[in-house]
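Before any questions on binding or motion, here is one chain by itself as structure tokens, the form predicted on its own.
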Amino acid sequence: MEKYFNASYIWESFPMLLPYVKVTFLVAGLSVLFGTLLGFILAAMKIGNNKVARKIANAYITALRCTPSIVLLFLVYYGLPALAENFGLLLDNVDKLFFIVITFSLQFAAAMAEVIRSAYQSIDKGQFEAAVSVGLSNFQAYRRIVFPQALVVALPNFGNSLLELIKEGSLAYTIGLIDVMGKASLIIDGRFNAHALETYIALSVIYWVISIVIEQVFFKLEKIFSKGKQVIKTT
């Protein structure tokens, strides 16, 4: 069995890996959606005046940020069916995507709660009060004054959290989901562990391209919304 480096295997790996990028994006997209929604709730709990809610949010964020992704994935994958079984629910046949999305939604929510909280608190409260004093409703003041400025502050951290999520999502293959990382493992197995280096180089290039594209998109979005923020401040 020949195991010497052969660059041709890099090019052969691309068409086999690329179709599974959509699975990686699906995991990331669903996790961002549900994680952001939960993040808003957690941020509101932290910002609010209810001490119990604040303590619950702080405990959640601390616990999730201190738990390694792979440990959390196994806790959800093995723990959720065991917990559901006590209520007469069987989750043995549930698609693995379900557990993966729950895992990374919970993790992403902890990150987003801090992003949203810090972005909101970075905006001078006087701007909100001034908007209300000139006749805007609370909703209009938040939508026209507070939210656009908070969005600019939050975008870089949101982009970083998204990149981290996509990289952490590669752990999904450990419970059997065939995403781009899982497919790479199958390709290596199909080659009897030969030319693993070439396969991982191709996989790395795919992740590099995804990361660069996301960085550039958020960079351009930040520039666009920063112009709007400057307009708001001058009005």
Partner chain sequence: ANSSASSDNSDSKVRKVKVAFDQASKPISYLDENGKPTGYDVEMMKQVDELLPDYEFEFVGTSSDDLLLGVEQGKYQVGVKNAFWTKERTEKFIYPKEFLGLSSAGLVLKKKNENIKSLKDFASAGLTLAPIAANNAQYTIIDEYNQANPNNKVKLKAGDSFTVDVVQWVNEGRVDGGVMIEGPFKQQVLDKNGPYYKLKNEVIYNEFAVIKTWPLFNKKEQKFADAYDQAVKKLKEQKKPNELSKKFYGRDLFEVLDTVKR
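Residue numbers count along the first chain shown, from 1. It should be emphasised that the depicted structure is a prediction, and the values quoted were computed from it without experimental measurement. If you superpose the two forms and keep the largest set of C-alpha atoms that fall within 1.5 Å, you have the rigid core.
Here the subject shifts to the form predicted in complex with the partner chain, a form of this protein not shown in this document.
A.B. asks: So if I measure heavy atom distances to the partner chain in the predicted complex, which of the stretches 49-57, 22-30, 169-177, 35-43 falls within 4.5 Å?
C.D. replies: Looking at the partner contacts, the answer comes out as 169-177.
A.B. asks: Determine whether any heavy atom of Asn86 comes within 4.5 Å of a heavy atom of the partner chain in the predicted complex, and answer yes or no.
C.D. replies: Answer no; every heavy atom of Asn86 is more than 4.5 Å from the partner chain in the predicted complex.
A.B. asks: Classify Phe218 as contacting or not contacting the partner chain in the predicted complex by the rule of any non-hydrogen atom within 4.5 angstroms, answering yes or no.
C.D. replies: No, Phe218 is distant from the partner.
A.B. asks: Is there a heavy atom of Phe99 no more than 4.5 Å from a heavy atom of the partner chain in the predicted complex?
C.D. replies: Phe99: contacts the partner chain in the predicted complex.
A.B. asks: Is there a heavy atom of Tyr77 no more than 4.5 Å from a heavy atom of the partner chain in the predicted complex?
C.D. replies: Result yes; Tyr77 sits at the interface with the partner chain in the predicted complex.
A.B. asks: Using the arrangement in the predicted complex, list in sequence order the residues of 79-98 with any heavy atom within 4.5 angstroms of the partner chain.
C.D. replies: Pro81, Asp92, Asn93, Lys96, in sequence order.
A.B. asks: Superposing on the rigid core, does the Cα of Glu85 end up 2 Å or more away between the shown form and the other one?
C.D. replies: Yes, shifts by 2 Å or more.
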